[in-house]
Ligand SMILES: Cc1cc2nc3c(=O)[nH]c(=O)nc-3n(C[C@H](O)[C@H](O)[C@H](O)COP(=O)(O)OP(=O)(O)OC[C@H]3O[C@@H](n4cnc5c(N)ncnc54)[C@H](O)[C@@H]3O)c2cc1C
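Consider the single chain below, provided in structure tokens and representing the form predicted on its own.
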């Protein structure tokens, strides 16, 4: 997952949350403690990071792997877990074809392995839990949005929160067993009997904008470039102010 460091033209959003530069720049050692399968292609990796400074839902980190021959690979990954004081964070990774880092995690990594991380990074896509949030994600774009949902539940927040998430099929819907009434899934290739198949449309988005809270939604969109553009257009067409759309892209 990579950060959109600057919003696209027409989508500038005020209120970027400050990130401690010293903390964000410091590498530290994390130990893999657990691996959980989410879908045939995605798994969650739980890391013990004793000196983790804490994060806000929606933030990400930089991860670094160093091979025995000194070759280094670095990637940005969104944080899936809610902020807590457990000294652990979780990442959910799709296995990307020919992906160096995701391939290592899925095929080689075992509990007890160590890696390097630094962060948290990005104050643009962070959600402090103090404003109504409308979340739109596709595929592994649900990962930072799930951090927001988990935070909402863990803190017992009453601020409105809704999510639309797109997946190819029920089998590829990440966190399927954990999603609740706040979430509406959209399936693009196969779906349960009676559920329409197709991409996200105005018919999915418009009802959420129609029921928006008094002060309106802050929209968070995460997915591929194509999904981010499509979802953003749907939001604007339904009446969401462009300056209140935050976008994070990957791929």
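Positions refer to the first chain, counted from 1. These figures come from a predicted structure and were not determined experimentally.
Although not depicted, the form predicted in complex with the ligand is the subject of the following passage.
Check: Among the candidate residues 152, 118, 162, 76, which is the single one with a non-hydrogen atom no more than 4.5 Å from the ligand in the model of the complex?
Finding: Flagged contact: 76.
Next item on the list: Let me know the one among 84, 178, 130, 100 whose heavy atoms come within 4.5 Å of the ligand in the model of the complex, would you?
Entry: It is 100.
Notebook entry, point to check: Out of the stretches listed (108-116, 130-138, 154-162, 68-76), which one is close to the ligand in the model of the complex, meaning heavy atoms within 4.5 Å?
Noted result: Single hit among the candidates: 68-76.
Next item on the list: Determine whether any heavy atom of residue 94 comes within 4.5 Å of a heavy atom of the ligand in the model of the complex, and answer yes or no.
Entry: Yes, residue 94 is a contact residue.
Check: For residue 249, is any heavy atom within 4.5 Å of the ligand in the model of the complex, or not?
Finding: Although the ligand is absent here, residue 249 would touch it in the model of the complex, with heavy atoms inside 4.5 Å.
Checklist line | the ligand contact at residue 55 in the model of the complex, heavy atom, 4.5 Å | finding: Contact with the ligand, no.
Notebook entry, point to check: Taking heavy atoms only, is residue 145 within 4.5 angstroms of the ligand in the model of the complex?
Noted result: No - in the model of the complex, heavy atoms of residue 145 and the ligand never come within 4.5 Å of each other.
Notebook entry, point to check: Relative to the ligand in the model of the complex, which residues of 47-63 have a heavy atom no more than 4.5 Å away?
Noted result: Only 60 sits within 4.5 Å of the partner.
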